[in-house]
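First, one chain by itself in structure tokens, the form predicted on its own.
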Amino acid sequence: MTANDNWYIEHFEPTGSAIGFRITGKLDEVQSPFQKIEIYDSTDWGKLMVIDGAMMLTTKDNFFYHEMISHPVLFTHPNPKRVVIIGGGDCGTLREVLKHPGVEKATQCDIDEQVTRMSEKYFPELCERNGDPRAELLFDDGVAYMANCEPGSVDVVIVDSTDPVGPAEGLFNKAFFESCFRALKDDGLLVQQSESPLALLELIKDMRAEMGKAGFRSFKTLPFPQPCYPTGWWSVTLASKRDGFGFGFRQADAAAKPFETLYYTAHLHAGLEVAPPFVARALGE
């Protein structure tokens, strides 16, 4: 990372690339017990949140990620009532989940309370559902939370994590996925952010393999644009306990959704059911 000459530039070694934003200054910085969180203001992208030198979100483009990690899985599940979000401290995913009137309870468990406090201060639009009576905000170890979940008690688990390093390292392995598998009902679904399908396909393959070792039988990776992340192209991966699960979604419900989105639509979701050929070949879809 370099922050000079009015630019914030993140160098991402795994993809041999970098991404930068023109900034007007640093607004805040806090060192939590887990990580360093910085907030910058920019000329064109609103505010930026950076954690341990890695870009987490911008005001302008976070909707791509938050909508795609939430709505595809919730419209794929037949009737999601109980949702658990592991990570997601900026609360944008929680906001999207609670747009679904059928969700009865959404628990967000993030290890670092400071991420939420910084989001409340600098990204209040992401936190507008935090006071929803269906929302439960916990600041604890997500790995331990899932390990202690009552078996068969959850409809959807959303793993809204940072890259698989530091506090998030334990969210990409067989042991964690086993906990998710056990907590989910028979028709339950898991979704996890799964990095860049352009540059990090091997990571996606490894992650799906770990899910498979934990008992999940069917997988679907959905790509979407994300300008503030390395390569500008990101993905989420859905997993089901069922063999041959086709990940067909409730298209009529998605088309008639009673809330607005900036990116996600039923037509878009239908198109994403057909993976780009190079992704399909690599992942065996």
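Bear in mind the structure is a predicted one, so any value in this text is a computation, not a measurement. Each residue number is its position in the shown sequence, starting from 1.
What comes next is about the form predicted in complex with a further copy of the same chain, which is not displayed.
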- Query: in the model of the complex, do Y65, T107 and F245 all reach within 4.5 Å of a further copy of the same chain through at least one heavy atom apiece?
  - Reply: no
- Message: Under a 4.5 Å heavy atom criterion, is G271 part of the interface with a further copy of the same chain in the model of the complex?
- Response: yes
- Are any of the heavy atoms in T24 no more than 4.5 Å from a heavy atom of a further copy of the same chain in the model of the complex? no
- Item | Interface membership of G232, a further copy of the same chain in the model of the complex, 4.5 Å heavy atom rule | yes
- Do F34 and a further copy of the same chain come within 4.5 Å of each other in the model of the complex, heavy atoms counted? no
- Message: Just to confirm the contact call: exactly one of 25-33, 235-243, 219-227, 49-57 touches a further copy of the same chain in the model of the complex at a 4.5 Å heavy atom cutoff, so which is it?
- Response: 219-227
- Residues in 243-267 with any heavy atom within 4.5 Å of a further copy of the same chain in the model of the complex: E260, T261, L262, Y263, Y264, T265, H267
